[in-house]
Every structure is written in structure tokens, then in C-alpha cells.
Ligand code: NAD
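Given next, in C-alpha cells, is a single chain: the form predicted on its own.
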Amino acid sequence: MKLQDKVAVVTGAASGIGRAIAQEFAREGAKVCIADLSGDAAATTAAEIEAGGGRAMAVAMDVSDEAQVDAGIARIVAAYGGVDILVSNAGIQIISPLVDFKFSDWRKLVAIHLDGAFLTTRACMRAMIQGGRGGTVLYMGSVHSHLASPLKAPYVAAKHALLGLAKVVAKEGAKDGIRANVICPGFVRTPLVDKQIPEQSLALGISEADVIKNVMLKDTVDGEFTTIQDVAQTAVFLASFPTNALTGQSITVSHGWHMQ
């Protein structure tokens, strides 16, 4: 039980990668806080974890809303006595050529990915420092934290920015035993990615099969999607790493799409 009795906050945890990480953390003994925009979906995921013998609570949270984030983390601290792990995972995707991108869509995406990462980090770091037992902050980056693709200007910009944020947290948090790292998956077959396939097919004028083969997976070593379990196991490894020897880093999980 690598995370026995650790308190883990996972944002965007009612579905996809976040849900898989929350489930894996619970299997490793953590008390998992399912933070999601949909309170009902968060409650369902928490109930599933508890039905399987884990410990979980649901928190409705818009990660781009300062008041909601601070109140949600305060509720978690009151319930579980502190915070040991934050997984900043909440995110959306909007596909469009840059010249046609609506500023409102740009601001919405950046608010969720980047403002949300800042707000949840600040709240959790405050709790970690007050608790005096250190902690781990994990950001859900992407191969697009290192590379770029057409039609994804705000997403690529926000994912690049997470690398810088993690490095600052690693520097500032070290004295309090707080580590920060970025997980950078390749394409994972989640509802977010499934939504992109027809959108990219339309935007690029190619078939959906060609989007998968010649856009999403063309640079992998085996033509395979990364799985949510691949990402969840990486999160457990980073969350349970015991020292500051591994901090301020990005770990790419992409079937060789991007190699560092």
C-alpha cells in the first residue's frame, strides 16, 4: 500500500484519467477526494471507490473559481486533517485554427488548465505547509507540454506553462518537503480524445481513421494509444516517491511519441 493513509485531491476525477488515478490511489491506501465540476458525478465515483473498500469523498469544484477551490480544500482538510497529494488533472479541449479561435474559448481553456492549476496548488500547498508533513503536487501535462500540433493553440500554451509552474513549486516547496512533477501522456482514448477525432477529421479534411493513424499515433513506436492505467501507475510512482531527488521534472508516457 504505497499511499497508505495519504490524503489525495484529484481534480477532474469523475471520469477519464482523473477517475483512473483516483481509483488507483484508493487501491494503494489513500483517502481520495474526488473534485469535479459535476458534484453528482463526483459523488458517484466516490461511492464506487467506497463500495470497493476504499475511502473517498466528493467535492463539487470549479477549479477556475477561487472561492470554490479555497472552500473545497478547506472542507477536505476539515474532513481528513490535511492534504498530502494534489493531482491537478481537470481539463478541456477546444479545436480550431488560431486565426479563427474565439478569445472567449481561449480564456475558458486557459482558465481551467492554468488558473485551475494555480488555484488548487496554492490552496493545497498552504494546507501541506500547515500540516508539516510535506507533500506531492502532480500536474497533468501532455506530450503537448513539449511539442505542438495544429489547431490547439491555447491547449499547447497552457500545457507548456505547467512545466514552468511545476519548476517554481519544486523550488519554493523544497524547504517544506513538497515535490512537484508533470505527467505528460500521449493520446489516451478518453471522451476528450474521442471528441477530437471527428473534429480533426473535419478540420484537416481527412478520414477519422487517418486522424488516428497519421495524426495521433504516427510518431509512436507501436501505433498504440497510451492507456489510462499507464498514466495512473505513473501517478502512483511519482506520488509515492520519498525524496526531493525527483522534483521539477516531466515524465512522458507516450509509447515513444516524444523522447527526452
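When you see a residue number, it is the position in the sequence shown, counting from 1. Keep in mind it's a predicted model, so treat the numbers as computed, not measured.
From this point on, the text means the form predicted together with nicotinamide-adenine-dinucleotide, which you will not see here.
Figure note: of the listed segments 178 to 186, 74 to 82, 99 to 107, 127 to 135, the one touching nicotinamide-adenine-dinucleotide in the model of the complex, with heavy atoms no more than 4.5 Å away, is 178 to 186. The listed set Ala157, Leu151, Leu163, Ile92 contains one residue whose heavy atoms approach nicotinamide-adenine-dinucleotide in the model of the complex to within 4.5 Å, identified as Ile92. Proximity to nicotinamide-adenine-dinucleotide in the model of the complex, defined as a heavy atom within 4.5 Å, singles out one entry of Val193, Ala203, Met57, Val211, which is Val193. In the model of the complex, nicotinamide-adenine-dinucleotide sits within 4.5 Å of a heavy atom of Met140. Contact annotation for Gly16: at least one heavy atom lies within 4.5 Å of nicotinamide-adenine-dinucleotide in the model of the complex. Contact check for Met61: a non-hydrogen atom falls within 4.5 Å of nicotinamide-adenine-dinucleotide in the model of the complex. With a 4.5 Å cutoff on heavy atoms, Ile112 counts as touching nicotinamide-adenine-dinucleotide in the model of the complex. Residues from 18 to 46 that approach nicotinamide-adenine-dinucleotide in the model of the complex with a non-hydrogen atom closer than or equal to 4.5 Å are Gly18, Asp36, Leu37, in the order they occur in the chain.
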